[in-house]
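Just the one chain here, laid out as structure tokens, in the form predicted on its own.
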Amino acid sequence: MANESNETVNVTINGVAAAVPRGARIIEAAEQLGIGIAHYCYHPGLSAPAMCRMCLVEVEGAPKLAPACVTPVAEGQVINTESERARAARTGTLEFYLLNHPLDCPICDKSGECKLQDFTHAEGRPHGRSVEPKRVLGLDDFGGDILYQGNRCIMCTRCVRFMREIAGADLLGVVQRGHRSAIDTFFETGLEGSLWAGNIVDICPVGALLSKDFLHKARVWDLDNTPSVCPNCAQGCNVRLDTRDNLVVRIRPRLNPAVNSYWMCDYGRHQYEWLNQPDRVQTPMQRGAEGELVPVGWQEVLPALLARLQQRHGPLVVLGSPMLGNEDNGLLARLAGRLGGGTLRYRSAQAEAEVPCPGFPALARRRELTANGRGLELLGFQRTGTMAGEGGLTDLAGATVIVLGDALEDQPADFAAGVELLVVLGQRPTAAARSAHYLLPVCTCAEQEGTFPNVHGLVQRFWPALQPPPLARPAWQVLSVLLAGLDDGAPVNSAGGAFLRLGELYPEYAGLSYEQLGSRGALINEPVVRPAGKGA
């Protein structure tokens, strides 16, 4: 096969000939061909020290086995990852790892997603031959959320390299020598001050590094994992929500090279309990003749609400939610327009400053501590209130107020006393929310499909990971029915349809669809500004 360009070289791996990028390492070239090579120390987001010796492969003409994680491909190479020599090397390496590794699988949090388990099951010896007692190092608290179980450590040093290269804080190192080697912090300095340390638990190939938050919480084979977008700041990190018994039990990063690579911050990682709130609005309610909230059905409450909205007299104030998707807030803004227009606001918490990731500058814990502030601004909403996401709701006397997703936790129980009409589409029955004339249960972002645009304008999809209360509905669905009652088109019957409706209403989303967004997202349509002095 002729080399078609200077950018590729022709190699053969396990009998498969292919052109691969010049300079690629053997392990990367094999991955492109769908051939997995066992490894521990190698991670695609870190440097490769070639110290675990699991990725040794046979290269035709070479006197010794080559480590695939550091050996670049060369023109005409013939590589065999499954030769007798390569398989024997892996089996021998695994036997050495298991000399001191404890049989902790029944109690280890990593069990079920452990690479030592996987590779030993595939190629390890049926029985060990060592008769010496295993080393005992014990448990060490590294500070923050991290525990270190030294007995299980295989010294791949991924954690050491991550803290140095990505977190930008040389807080871990290898101490002692030989079979006594262990990972440790330096003197009294632990990992408490690092916003990125939680990633070392994700990349640890065995159960040596543990999260205190997830410790003994669930077995990984009992978890459902759903692709999503972190809702806890404007970065829009791609994540997976791990759920069990309809509760989020942990959040882990999901690869997106343009947004967060393999990483995420610990702030977003640990801000998930708000998705598990047990106190939820269970059924639509409206205020009865005697002034009390009465449960009603959706078929009854929506026509009644529509009639009240059409009969209102005062100004309209709409409070959107930066924790809900574009579909929900976009149709809310459309409803305000169809009702004659009004003031569009939202409240959100903000940090004092951004915290960038030193080793991956495109990633940062942003100042905006909600997912959809950028989306709300595109839709015409304006931020109000304090940096804590409170206040800004003192000028509502005589107004009709529609609240979406904001729990109004800072507001008094008589919040609705001075307004003409208060409509709350929310999740939690707080005291202020229960003062509403209409209280309607809607889904959280973890219970429905939708999209968030991040700080850079990349629109990304999220998917439902939890089951909402039986009578809760996505807000876009409720708002779509109200819009249909105002002769604004037929109700949409899916989140994808609601997103297409956004494209009809707002030029930033024109031409986009869920299919185009896929799992990596797509940029919004930025307005084109014609340079001054140019004629039409």
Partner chain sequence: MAEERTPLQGGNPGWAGETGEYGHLTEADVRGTTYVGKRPPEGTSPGASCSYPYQVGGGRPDAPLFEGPYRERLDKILSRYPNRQGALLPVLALAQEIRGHLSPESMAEVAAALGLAPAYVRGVATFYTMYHKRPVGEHLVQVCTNVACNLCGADEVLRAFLAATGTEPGQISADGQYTVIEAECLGACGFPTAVQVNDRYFENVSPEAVPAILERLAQEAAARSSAAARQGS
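The structure displayed is predicted, hence computed values, not measured ones. Positions refer to the first chain, counted from 1.
Note that the form predicted in complex with the partner chain isn't included here; everything after this is about it.
Student: Would residue 417 show up as a contact with the partner chain in the model of the complex if we use heavy atoms at 4.5 Å?
Tutor: Residue 417: no contact with the partner chain in the model of the complex.
Student: Using heavy atoms and a 4.5 Å limit, would one call residue 172 a contact residue for the partner chain in the model of the complex?
Tutor: Judged by the heavy-atom cut-off of 4.5 Å, residue 172 is in contact with the partner chain in the model of the complex.
Student: Given that the partner chain is not shown alongside this chain, does residue 110 nevertheless sit within 4.5 Å of it in the model of the complex, heavy atom to heavy atom?
Tutor: Residue 110 lies outside the contact set for the partner chain.
Student: Taking heavy atoms only, is residue 184 within 4.5 angstroms of the partner chain in the model of the complex?
Tutor: Close contact exists here: in the model of the complex, residue 184 approaches the partner chain to within 4.5 Å, heavy atoms only.
Student: Partner absent here, but in the model of the complex, which of 323 to 331, 200 to 208, 185 to 193, 338 to 346 has residues with a heavy atom within 4.5 Å of the partner chain?
Tutor: Correct option: 185 to 193.
Student: With the partner chain left out of view, which of 216, 313, 177, 121 would have a heavy atom within 4.5 Å of it in the model of the complex?
Tutor: Going through each option in turn, the one that passes is 177.
Student: Under a 4.5 angstroms heavy atom criterion, identify the one residue in 461, 254, 437, 164 near the partner chain in the model of the complex.
Tutor: By the 4.5 Å heavy-atom cutoff, the listed residue in contact is 164.
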